[in-house]
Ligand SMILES: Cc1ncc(COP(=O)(O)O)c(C=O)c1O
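Below sits a lone chain in structure tokens, taken as the form predicted on its own.
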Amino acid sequence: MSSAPLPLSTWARNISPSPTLAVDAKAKALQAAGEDVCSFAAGEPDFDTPEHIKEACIAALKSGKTKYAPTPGIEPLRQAVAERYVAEYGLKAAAAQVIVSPGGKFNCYLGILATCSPGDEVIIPAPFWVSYPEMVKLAGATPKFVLCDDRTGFKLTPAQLAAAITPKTKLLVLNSPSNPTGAVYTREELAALVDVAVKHNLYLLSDEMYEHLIYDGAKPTCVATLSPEAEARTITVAGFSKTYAMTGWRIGTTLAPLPIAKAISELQSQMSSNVTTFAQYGALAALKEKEKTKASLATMMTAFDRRRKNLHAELNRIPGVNCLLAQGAFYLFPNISSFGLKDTEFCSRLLETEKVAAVPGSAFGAEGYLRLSYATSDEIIAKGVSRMAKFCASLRK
């Protein structure tokens, strides 16, 4: 006698898989099958982790750093993270406020879990990183989107924020520099948003993962430094993946007011215990061996800046494509709405006919755009944008 399959949980049934990872996986599968694919999908530097970071990890392994570590991270790393915020931003940060987690994604999720309950609303400006809404839903809260298109430089305005707030609003998510658009808010723009959030007594989750990947003299802003009120309600997420080409190491950081930091640590103790112990010593070297790290970052940024400008120029030469020049991260977010196709169909046909992988803007809450990562070689960028120009020309016939 057969029985009906047992149902999965509400969380499992309602979660959406990451569209960025899905596109990247499809591109890699085609490459493995021998296809010449130009992929703009991956959100990770195409540089290797600097040698001094790898060597520190190897040394930690050899010296037996293979046991459980404290849940919030090894003390020297937490102290080094706090000292970085003091040195770079003048923030009064202490090691007790720092939580080291298995990747910035998990830091964001824990920050949401620590502050949001079922029935709460979380305001997420769109375009948004694909994981924010799913994290909010997994916490039992409700994501509320506010579209910020290229007419506002992909930036949320204070008026838009104020209009979106309801009595249920608990948290505002900010991401500067932005994934997927590369937009960078000025200090004044962020201060105006924080004023609205403080007025309505909201928490702030400030995802600053790309803080060191900025161009054209733009300056990163640590939201917690904007005012004492901001410091008291801001959960600052950063990490090592993007700045130090350490995506596979899975090390992110949270800096938060002590009550929130304590709650995050307690949640993490029941969910992942701690970050891989020996990997934390590599992260520590990234912060301690500053001159070596600075040199590695400078090399990477020179390449990113060159690719950013080249890709931007070539995209805007394609009739029907309009693209703003990003000031941060390693993404461009061109508008392709003039072609009259859904962005999902555009991307599907682009991959099928020209073997170019891009992520549709609708994955980030913004229909009619593409996210193109220039964390890839100059050769792939040149070949890929040429193929995209050919594809767009075929749509206009």
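Keep in mind it's a predicted model, so treat the numbers as computed, not measured. Sequential numbering from 1, following the sequence displayed.
If you look for the form predicted together with this ligand, you will not find it shown, but the lines that follow are about it.
Novice: Could you spot which one of R84, K155, K105, K137 gets a heavy atom to within 4.5 Å of this ligand in the predicted bound form?
Specialist: It is K105 that has a heavy atom within 4.5 Å of the partner.
Novice: Ok, H212, R307, K170, R250: which has a heavy atom sitting within 4.5 Å of this ligand in the predicted bound form?
Specialist: Answer to the contact question: R250.
Novice: Any chance T225 has a heavy atom within 4.5 Å of this ligand in the predicted bound form?
Specialist: Judged by the heavy-atom cut-off of 4.5 Å, T225 is well away from this ligand in the predicted bound form.
Novice: Spell out, yes or no, whether the shortest heavy atom distance between T293 and this ligand in the predicted bound form is within 4.5 Å.
Specialist: The answer is no: T293 has no heavy atom within 4.5 Å of this ligand.
Novice: T234 near this ligand in the predicted bound form, any heavy atom under 4.5 Å?
Specialist: T234 lies outside the contact set for this ligand.
Novice: Although this ligand is absent from this view, report whether N179 comes within 4.5 Å of it in the predicted bound form, heavy atoms only.
Specialist: Within the cut-off, so yes.
Novice: Specify the contacting stretch among 261-269, 284-292, 235-243, 71-79, defined as having any heavy atom within 4.5 Å of this ligand in the predicted bound form.
Specialist: That would be 235-243.
Novice: Tell me whether D149, N335 and Y369, taken together, all sit within 4.5 Å of this ligand in the predicted bound form, counting heavy atoms only.
Specialist: The answer is no; none of D149, N335 and Y369 reaches this ligand.
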